[in-house]
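First come two forms of one protein chain, each written alone as structure tokens, so that there is a structure 1 and a structure 2.
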Structure 1
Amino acid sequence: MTPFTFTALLFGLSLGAGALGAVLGIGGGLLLVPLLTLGFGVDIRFAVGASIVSVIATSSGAAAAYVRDRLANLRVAMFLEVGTAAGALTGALLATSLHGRWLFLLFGAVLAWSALAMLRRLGGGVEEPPAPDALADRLGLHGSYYDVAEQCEVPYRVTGTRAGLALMYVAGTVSGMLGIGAGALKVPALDLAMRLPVKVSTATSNFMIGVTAAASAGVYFARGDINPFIAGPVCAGATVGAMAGTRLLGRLHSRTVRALFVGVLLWVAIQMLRKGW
């Protein structure tokens, strides 16, 4: 394979990964790491380094549109970034002590858990109203957004703020170790623990993953794990794809977004667990 062909293929695959990542709030790193390692034979540490840079670019491309459309909850995002940024630094420092095989297995296990947790919400039905949360009331975390697909304003109340903050530290640690922005954990945490609508969860996750990735990117750069020949086309493709993905999210129904999220997670989890095993 010539360098030009390699670069063009990376750009094209990253384009699709960025678009899907923007819709699902996972930043594209969830797909890029297995694509680079399984499809191109790239060492997982270089794949993680390229992914962590692309996550920053993807978040920057998608966040502006989601903030403009009031899908991203900025108050929730900034409150939870305290936990994710601290976790990202922890994870980046721990990554050097784990063998590549264990990174594959950990990656697969995290994704499988996320998929099963989201799958339970696909059944629909009438849900109980969220429990009162004094901290959420004090910080003014509640909000609303206009759902283009449903043609109505959707108000929501936030709950489980302390549990959400703890889960975000775990998500940040996973992000720092695996280079995925940890949207695979953030979206379920926002959706299940804090009871945000799934569109708000994905949009808020997109806003947060860039900050989380930036907290650990310096560690990867200092270690020499970021290869410009790989990270360059990946970053460019993911950014363009993310900008296209933001236009799609508002037109999709919430159930479709959740089903798509579960399907992608299950497929990638199986592939990564097989590779690690």
Structure 2
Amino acid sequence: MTPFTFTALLFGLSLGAGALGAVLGIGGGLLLVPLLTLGFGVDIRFAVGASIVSVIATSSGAAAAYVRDRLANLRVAMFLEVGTAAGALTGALLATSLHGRWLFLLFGAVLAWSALAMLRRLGGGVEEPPAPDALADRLGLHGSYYDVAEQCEVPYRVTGTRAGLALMYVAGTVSGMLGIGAGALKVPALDLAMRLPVKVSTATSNFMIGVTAAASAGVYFARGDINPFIAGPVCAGATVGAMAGTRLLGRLHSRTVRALFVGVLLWVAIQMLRKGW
């Protein structure tokens, strides 16, 4: 393989990862890291370094459109970032004292459970309206977005703010310790606990994952784990892919997004459980 082919291949694959990440609200690190290490023989350090940059690229590339189209709920994101940032700090503090294996097992089990819970909501049926939430009212978290696929404005009310904040703290801690999987936990929390529409959940998760990843990225850079030959094409590819992916999310039906997310979530859960086994 010539260096040029290597660069072009990385760009192309990251393009796909970015597009998928933009639609599902996940960073795609869980897809990129094994691809880089197993497929291209990249050292795990540089693979993780490149994937952290790709998470930021996916997040910022997608969020530019989602924030403008009000698909990402800015106020919900800013509120929950308190939880994820605190969690990320906790995770960094705990990272050395806990065994990774148990974490993978626990994380895998939690993801598998959330995938099944989200699958149940896919079944449809009439849902009772979300319980009133005083904190959501006070902070003005409720919102609405224009659904391109349904061609109508969809208003929604936010509930379970405290549970959501707690879950974000857990998600932040896990991603701080494992360096991965931030979005895979955030979307179920937004969906199941806070009852956001699934498109708003993935768009808002997309917006949030960049901040958590940026905190770790500085550290990876200082350590010399960001290799421009690898991270460069990955970053550019993920950005362009994410920007293209945002056009897709609006047009997809909510059911399709949910089904796609559940599928990827189950796959990630199996990977995690296998790692911990």
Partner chain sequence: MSVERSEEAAQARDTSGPLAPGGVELLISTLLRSGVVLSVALIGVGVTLSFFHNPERLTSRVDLTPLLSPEHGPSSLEAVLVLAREVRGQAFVMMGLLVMMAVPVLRVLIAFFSFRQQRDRAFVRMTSVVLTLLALSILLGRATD
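Keep in mind that this is a model prediction, so the values were computed, not measured. Numbering runs along the sequence of structure 1, starting at 1. Rigid core here is just the name for the largest C-alpha set that superposes within 1.5 Å across the two forms.
K.L.:
Name the structure that matches the description of the form predicted together with the partner chain.
P.N.:
Of the two forms shown, it is structure 2 that corresponds to the form predicted together with the partner chain, while structure 1 does not.
K.L.:
Using a rigid core alignment, state whether the CA of R247 is displaced by 2 Å or more between structures 1 and 2.
P.N.:
No: R247 shifts by under 2 Å between structures 1 and 2.
K.L.:
How about A63 - superposed on the rigid core, does its CA move between structures 1 and 2 by 2 Å or more?
P.N.:
Shift of 2 Å or more: no.
K.L.:
Answer yes if the Cα of A19 shifts by 2 angstroms or more between structures 1 and 2 on a rigid-core superposition, and no otherwise.
P.N.:
A19: C-alpha displaced by less than 2 Å between structures 1 and 2.
K.L.:
Taking the rigid core as the frame, how far in Å does the Cα of D43 move between structures 1 and 2?
P.N.:
Its C-alpha position differs by 4.5 Å.
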